[in-house]
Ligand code: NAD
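The chain below stands alone, shown as structure tokens; this is the form predicted on its own.
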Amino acid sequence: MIKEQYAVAIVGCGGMGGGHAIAIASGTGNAIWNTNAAQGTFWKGNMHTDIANKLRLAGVYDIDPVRQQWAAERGFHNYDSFEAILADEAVDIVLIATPNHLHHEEAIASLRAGKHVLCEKPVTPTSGELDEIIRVAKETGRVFYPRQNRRWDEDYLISKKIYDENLVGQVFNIQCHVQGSRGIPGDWRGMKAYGGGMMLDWGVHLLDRLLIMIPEKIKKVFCSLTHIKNDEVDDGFKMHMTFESGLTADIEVGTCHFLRLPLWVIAGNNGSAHIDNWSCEGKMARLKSWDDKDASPILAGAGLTKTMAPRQENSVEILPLPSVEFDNNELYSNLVDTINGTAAQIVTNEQALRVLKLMEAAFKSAKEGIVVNFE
């Protein structure tokens, strides 16, 4: 049955669940996001559509009394249990924002209770668990939607535009470096039993975006994990992928970096691009001509080099990064349109499954110290 507005109940009201609660209750969605549920700090997005007419907050459930109190102070209905959400006939959509190891069980229970599901990433720690969810979603005729929200990050969309439009020529290497200096978070993300680790926390986003950007099969995967401050789960990783065309991609996530590399480095046969940070500061250098005969050698350590000397100014053009427009609420809106059958699902289960299998290949590579043939 098509509805104009759907009721959402959130299970898990921590940083992410609390953000969802404020976003949906305010009717402004991802354009205003709660980055710390206890402090109530926000950021404003680039542009957004009004979702107030599509979604309403039915309530939240969390096992933590502090979070229950936080929700009550904001006027949100507190459910007594997860089962109470499933029993509420007024609830159309269950939004799962609990630790990763709970997603599989909660998603299947929600689907079997006749609810649609929007699930935080990673939707499950393993591809086998997602396979089962997909099967149950088909059996019940309900929508299961992976929340891969970082497809709408400005830095990624700029990178994708550079790649799609050949703004630095044919791209042969893409690097993405996500680096922090506070170690792995001190909550469940540092525990293996809860589905912790940086591969499942950040890798799932970066790989999802990369696979959408580059519509090719992956031939080879090599990965190494770091355990600098945490022996139980990875607190960082480096991953190298070779695509069918020969294009390579390098993904690095670290939590012990006190000076950071550029967020993105994109290398093409006619130029280069750097995106330095989350504020999307950076530039492109585009080649005017390969002819640079007047280049002089430079002193590089104990010797001279002409090969590595900077180019003459008249042979390259320095340009600003391209601008992009995006709708921070497109995922929320598409969820409703998918349920109503008026649009195709943007973030598909098959895409999420491919990412999980790629992460499993990365774990295998790191464990055995080998290059893994992927597709």
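One rule holds for the numbers: they count along the sequence shown, beginning at 1. This is a predicted model, so every value here is computed, not measured.
Just so you know, the form predicted in complex with ligand NAD exists too; it's not on screen, but the next bit is about it.
Using a 4.5 Å cut on heavy atoms, which of 203, 236, 196, 122 is close to ligand NAD in the predicted complex? Going through each option in turn, the one that passes is 122.
Identify which of 99, 282, 190, 271 has a heavy atom within 4.5 Å of ligand NAD in the predicted complex; exactly one of them does. Only one option qualifies, and that one is 99.
Might residue 147 be said to contact ligand NAD in the predicted complex, defining contact as any heavy atom within 4.5 Å? Because a heavy atom of residue 147 falls inside 4.5 Å of ligand NAD in the predicted complex, the answer is yes.
Is residue 16 part of the interface with ligand NAD in the predicted complex - any heavy atom within 4.5 Å? The answer is yes: residue 16 has a heavy atom within 4.5 Å of ligand NAD.
Considering non-hydrogen atoms and a 4.5 Å limit, does ligand NAD approach residue 11 in the predicted complex? Residue 11 belongs to the contact set for ligand NAD.
Can any non-hydrogen atom of residue 332 be found within 4.5 angstroms of ligand NAD in the predicted complex? Contact check for residue 332: no, nothing within 4.5 Å of ligand NAD in the predicted complex.
Can you tell me which of 166 to 174, 128 to 136, 90 to 98, 298 to 306 lies within 4.5 Å of ligand NAD in the predicted complex, counting heavy atoms only? Looking at the partner contacts, the answer comes out as 90 to 98.
Is it true that 80, 115 and 116, all three, sit within 4.5 Å of ligand NAD in the predicted complex, judged by heavy atoms? Answer is no for this spot.
Residues of stretch 53 to 67 in contact with ligand NAD in the predicted complex (4.5 Å, non-hydrogen atom): Contacts from 53 to 67: 61, 62, 63, 64, 67.
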